[in-house]
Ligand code: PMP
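Heads up, the chain below is alone and in the form predicted alone; it's given as structure tokens.
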């Protein structure tokens, strides 16, 4: 039986993208690879909403390595404010505590988000070099109002850094217009490519800071070491620092080609429709969503709270029905997560709610059986 992957990453990958990685005898100096890498760097600017003033980076790793590479912009004793809405926002603190910087963390109640007013109030209390934000918190599905926060604190801190691992490619991202210095993501989520790549864009201000020799960063994740490779490759000339994941980058290039073909605005709208349809179905069943405030609902992740049934039992049953969801990772909730990002379609929303309905009824979770799929169909029939 074919499986529908509605996990929070990796996500379903289109066949054309998978096939792009099957080409044999391709070295990192091969023209086909250099062309794919150069195209991908330009594609990254496109999804991040930045001009050539911003420098893109595509390096081996994932979301966490992209986060840790941000230490390239810090020096001994710098103060960092971490704005965290959950498990992956907390990861910033875990990373920075390994380095000689001072870290302060702002947290909301579970399922909520730190408000722009709270962030603005905190940055006025101290001289922070950097503020880190998480656009969509993967553990809760909570979306932070990045644009509003950036507007409030832009002139009060040197560097604004955004983790867009679960947002880029599915949520509105206009890093340059909003004044964000670093926007980062990974290849395996809303971009719909295989796992294995860290992706970042840096503002002119961030590039100035990167030139400092006082950086506390190590060697492999030091963006200063990767910068000449990015600039040379974008110009069509291969350059070596460390062997890149050749075939994954070729697959990423195909993903960017398909994203451009769809159009980023259309892609964001599609994600919004699918996400809204799924949440409409969940709420029609009488189930609670982890994100407490509707304005913070994301286009990519929905956490579903259970009253009776163990989430692990739900996941094992639904995978037998042909749909794979994600386990919950936030300790405050008894829940599972639906990932709706990448190449998801409205039909996937119907399948997801149908499988959840049948499974929960069979396992004894109190729901309004039959109302979920009906609500999704009604929503989709009027969605544009």
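Given the structure is predicted, the values throughout are model-derived calculations rather than measurements. Numbering follows the first chain given and starts at 1.
Same protein, other form: the form predicted in complex with the named molecule, not shown, and the subject of what follows.
- Stretch-level contact analysis of 188-196, 234-242, 277-285, 210-218 against the named molecule in the model of the complex, using heavy atoms and a 4.5 Å limit, identifies 188-196.
- When the named molecule is considered in the model of the complex, residue 64 lines it closely, a heavy atom lying within 4.5 Å.
- Contact annotation for residue 88: at least one heavy atom lies within 4.5 Å of the named molecule in the model of the complex.
- Of the heavy atoms in residue 144, none are within 4.5 Å of the named molecule in the model of the complex.
- In the model of the complex, the named molecule lies farther than 4.5 Å from every heavy atom of residue 168.
- Put simply, of 200, 136, 73, 162 only one has a heavy atom within 4.5 Å of the named molecule in the model of the complex, and it is 136.
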